[in-house]
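Just the one chain here, laid out as structure tokens, in the form predicted alone.
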Amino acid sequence: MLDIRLFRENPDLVREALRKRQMRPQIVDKVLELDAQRREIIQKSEALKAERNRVSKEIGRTKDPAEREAKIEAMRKVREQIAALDETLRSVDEALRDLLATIPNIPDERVPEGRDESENVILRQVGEIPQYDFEPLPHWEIGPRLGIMDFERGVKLSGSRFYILRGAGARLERALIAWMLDLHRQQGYTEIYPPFMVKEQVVFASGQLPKFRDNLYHDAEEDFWWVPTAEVPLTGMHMDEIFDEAELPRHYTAYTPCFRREKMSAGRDVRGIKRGHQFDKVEMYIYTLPEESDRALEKMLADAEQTLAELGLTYRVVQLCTGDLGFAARITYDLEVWAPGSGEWLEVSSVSNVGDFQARRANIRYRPAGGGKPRFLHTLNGSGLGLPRTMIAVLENYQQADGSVVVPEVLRPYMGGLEVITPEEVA
């Protein structure tokens, strides 16, 4: 959430940021209007309360019964006015808070301006597009032929966009998760196993609410929200806490299944396991000092790149433009991996610095070592990596002419030494 002082002191900065994000800047005027109303109500209320306190003292010193009764009656009316103002203030406060909750973060100056994902900037490609002496297959053909991926039974269990992984396929998914968690621990992250359901205030703190309400799964009776990403519980874990400066930075990694109502587009998006309502992901998350957040972003990006490099996958680094930037993000780099069978680049990681945007929502602060009031810290998040797209990349890049799939070397210890996935008998 943005600081209200930013609207008061530099409203044109917010207007320009919203314009760059392809949003209507007039919302800033509404914020300023509500803020002015709020301050006017507070001023009137404080003046009446001061009058009440003054007259209350006079009442105690007033000897004349008629005069005393007149002052008491006048103060009764003042109390009613104060109560009415307090009720109006609660309403204006709520309206202002709800409006501020819909306004995204201010893009970093380094973010290129653009309308949508078509204007994102490719910064670099690492590795060459692999060449084959056979026609590479997409994963939705590789998996069923090997007997490790079952779409029909997934649909039978849960409906469209669900599937079953079987045998070496299930082991490969588990191997990727375990290996990535171990790698991130080596990179300095503390592993967390969080709940997969959280309270509404936790979802709000991460910036998922109210904007993405329609994309989230929710049990209203228990106020459980199924996590759309581990970023949500990793943000909420330190809600309403104050760190000592010496305790920062904090580096966390976590695996969770993720649950989202995906809106499927026509064409290749509906084939295979690229998009689904349930998927696995390993997340990286950093709490840090504001002056260290740029350095933390560089670290997180390097850590995500190392993951792809050790898997031996060709990838590219893409900087998101203002029109494609996530709601909470100031600056974001996507990592896209080449999938030769599908014939496309797939986003497997999105690494973002969100500044103090989430910290303000979650009320997470730190005490400066030199003293002074607690300040909001900065948070960063990144996929390290997201499945099943990493699974797609492994199956399609490591496929062989005979239909088998070579297991990447770093995953073999997690697969019981298995080097090649060959067709399995399917019952």
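Everything numeric here is computed off the predicted structure, so don't read it as measured data. What we label the rigid core is the largest C-alpha set whose atoms superpose within 1.5 Å from one form to the other. In this text, residue numbers run from 1 along the sequence as written.
Although not depicted, the form predicted in complex with the RNA is the subject of the following passage.
Between the options Lys156, Arg79, Arg271, His218, which residue brings a heavy atom to within 4.5 Å of the RNA in the model of the complex? Checked against the cut-off, the match is Arg79.
Ok, Ile72, Ala302, Ala170, Leu123: which has a heavy atom sitting within 4.5 Å of the RNA in the model of the complex? Checking each option against the RNA in the model of the complex, the one that comes within 4.5 Å is Ile72.
If you check in the model of the complex, is Lys63 within 4.5 Å of the RNA, heavy atoms only? No, Lys63 stays farther than 4.5 Å from the RNA in the model of the complex.
Contact label in the model of the complex: Ala401 to the RNA, heavy atom within 4.5 Å: Residue-level check for Ala401: no, no contact with the RNA.
Would Glu46 count as touching the RNA in the model of the complex under a 4.5 Å heavy atom rule? Yes, Glu46 sits close enough to the RNA in the model of the complex that at least one of its heavy atoms falls within 4.5 Å.
Any non-hydrogen atom of Lys30 within 4.5 angstroms of the RNA in the model of the complex: Although the RNA is absent here, Lys30 would stay clear of it in the model of the complex, with no heavy atoms inside 4.5 Å.
Which single stretch, out of 377 to 385, 22 to 30, 38 to 46, 393 to 401, brings residue heavy atoms within 4.5 Å of the RNA in the model of the complex? Only one stretch passes the 4.5 Å heavy-atom test: 38 to 46.
Within 4.5 Å of the RNA in the model of the complex, which residues of 353 to 379 have a heavy atom? Give them in sequence order, or say none. Going through 353 to 379 in order - heavy atoms within 4.5 Å of the RNA in the model of the complex - the hits are Arg365, Arg367, Lys373, Pro374.
CA of Lys49, rigid core aligned, shift of 2 Å or more between the shown form and the other one: Yes: Lys49 shifts by at least 2 Å between the shown form and the other one.
Aligning on the rigid core, do we see the C-alpha of Ala101 shift 2 angstroms or more between the shown form and the other one? No, the C-alpha moves less than 2 Å.
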